[in-house]
Each structure stands twice: as C-alpha cells, then as structure tokens.
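The chain below stands alone and is given as structure tokens, in the form predicted on its own.
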C-alpha cells in the first residue's frame, strides 16, 4: 500500500462543485485583485474567528512581518519565539529589521516554554511570538500574563493551528494579532500561497491594508508600502473550504486517536501530547524517536514501505546555515528540548481524507519495524 502525505487532490475531488463555482464566480466578475470575493472572504474569516478584522495578504510570512511593521517594530527591537518552528517565524522578524530571540520549547507539547520566555526578556524586548506548533495551542494565558507584566505585544503565529483553541480561550482573544498561512499544505489551504491577519485593533487593520497595497487606501494616493495581496481566486477557494474546517479538524483528531492507540506499545517512540482540554487540530502528527540515531533509519524504512513520512523541522532555527548570528539574533540557552525534537522528529501522514485502512497500515508498519540492534 502507498500512503501519501498530502491529500490536496482528494480534497478537491470531494468538493469540486463548490470550489469550481467560486472560481467561476471570480472569473466572471472581472475583478481578481482586491475585488468582491476577497472582501467576502475577509468578512467570513473575521466572523469565524469572532474578531473584528481579517486582512488577506500574500502568504503567512508576509502576515508576520507586515504585522510587526504595523506595530512600529524595527531595528533594535527584540521579538521572542521558540527555536523549533519553521524558519519563516524568525525570518519575518529579520525582514522587519528586528532581532529574533530564540528560546526553548516545552518538553511535553513542543510549544514555547513560558519560563524560557521570562528568562529571555531584556529592556529591548518588544513582543512575544508564540507558535501554535503542529496544531497545538501555545499556553496563551501564561504568555498574556508575562506580556502584561512587561508591557509587550503578543503576535500569534497561527500558520498551523486554525480551528484550534484552549480550554478557556480562543485564538486571537489574548493577543494583538494572529498571523495565518493558507499555503496548500495547511489545514485551510488554497491552491498556491496565501495568508491573513486577524486583529481586534483598528490601527493594525488600517496600517496593514495600506502596507499590503503600495501604501495606498485610495486610488492614486500612495505612501511607502509593498505588494502583498490575497488574490480573489484564492479567496474564493478558501471561502468554499472555510465552512468545512470544523469537520476536517474533527477527522484529524479521530486519525490522531487511531495513531495514539495503535502506537502506544512502540517503546522506541514518543507520541504527541495534547494539553488536557485543548483542541489540538493536528496539522502534523509528529512522533519522535527516543533515540535520535533511530530517526533516519525509521524514516527510510517507512518510505521504502510506501508510507510518505517526512520531517518537520529537522534543523532548529539556530542550527541553520542561514542563521544570522550577531545583532539580528540572540539565542537563550539551553535549547535542550528544541534540539532533541529536531533530531528525532518524524511526521506521519495526516490529512482529513486519509482512510482508516491507510492509517492502520501505517500503524502496523511502524509496529513491525525490525529496530536495528
């Protein structure tokens, strides 16, 4: 059996008529950039989140750095995030001219560790950027408490956690802004790239809308800005998909439960742990080999047996060749958990259209692994 990692085509085939109708609507409207479909989707997205504003932009990375600029962050300002996330989280800080400060993650959830955040704060710290990694909400109550104590902004990197929530908070409720990615791999993805920003602050909404459109909010009137707009075709596709996000998340959770039950006897693996009461939406089902030396051996075994397992993220940000040591970055050691996670991680197939047969085949194959002596 071959088990794919992505289900983009299956998803399209399951809702082809809905998506095709939105595409046709956009094409026939004759308005493809900042047209009525984008406005419609932004309104739907804001209503879904229970927040005042949603602003569509070119991608999730742009969502981050445009938000940083809208907050007036730049050279000399330190922004704290965890070292075991995708490179773009720190990259967006550098694009905005800020200093990225990398801290360790929690041993159990792999989300940012509030104790490490507190340790990293200096007089130059201006914001905390928690990542809802793999679809698990970061500990936002603790992060908000620290931010209030030190007068810091909070910007949520929610590229992976749309539809997730805490037991007593929703995403966006405890921050200044939320940044989303709509690249095809995400739980809510378009056929290409895209992103958005959620906020309750009118000044962030107004500033980002200008920044994304060459500094313009009125035809022929410009100030300094950029070109980062979510096209109406993508907005139409996402509008069709948004109404299904809850059921897709439920299916991801059900698949994760199958993995949890089936793999609990594999003593060479650590399985993901959801915070009690939290809605973990499993953008990725990330297991870790207890012995980092086993990771590549197990990954190779799975691939050879038709299971398209991958790694996310096998090189922590501070260990990347492109990491800018110096004034643009600061590492707060130790980063024990982040480094262990990077060296041990394997992502198993996880998408709503994955069949139970494919899940069970993956489980059986892992359980049958002839672990090297």
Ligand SMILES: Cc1ncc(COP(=O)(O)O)c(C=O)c1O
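Positions refer to the first chain, counted from 1. Please read these numbers as outputs of a predicted model, since none were measured by experiment.
Although not depicted, the form predicted together with this ligand is the subject of the following passage.
For the candidate spot formed by 6, 347 and 366, no residue has a non-hydrogen atom within 4.5 angstroms of this ligand in the model of the complex.
Contact annotation for residue 183: at least one heavy atom lies within 4.5 Å of this ligand in the model of the complex.
Proximity of residue 157 to this ligand in the model of the complex: non-hydrogen atoms within 4.5 Å are present.
Contact check for residue 56: every heavy atom lies farther than 4.5 Å from this ligand in the model of the complex. Although the partner is absent here, residue 85 is a contact residue: one of its heavy atoms lies within 4.5 angstroms of this ligand in the model of the complex.
Note on the partner interface in the model of the complex: the residue among 136, 199, 89, 187 having a heavy atom within 4.5 angstroms of this ligand is 89. The partner is not drawn, yet in the model of the complex one stretch among 57-65, 33-41, 324-332, 339-347 has residues with heavy atoms inside 4.5 Å of this ligand: 57-65.
Residue 313 is the sole member of 312-333 found to place a heavy atom within 4.5 Å of this ligand in the model of the complex.
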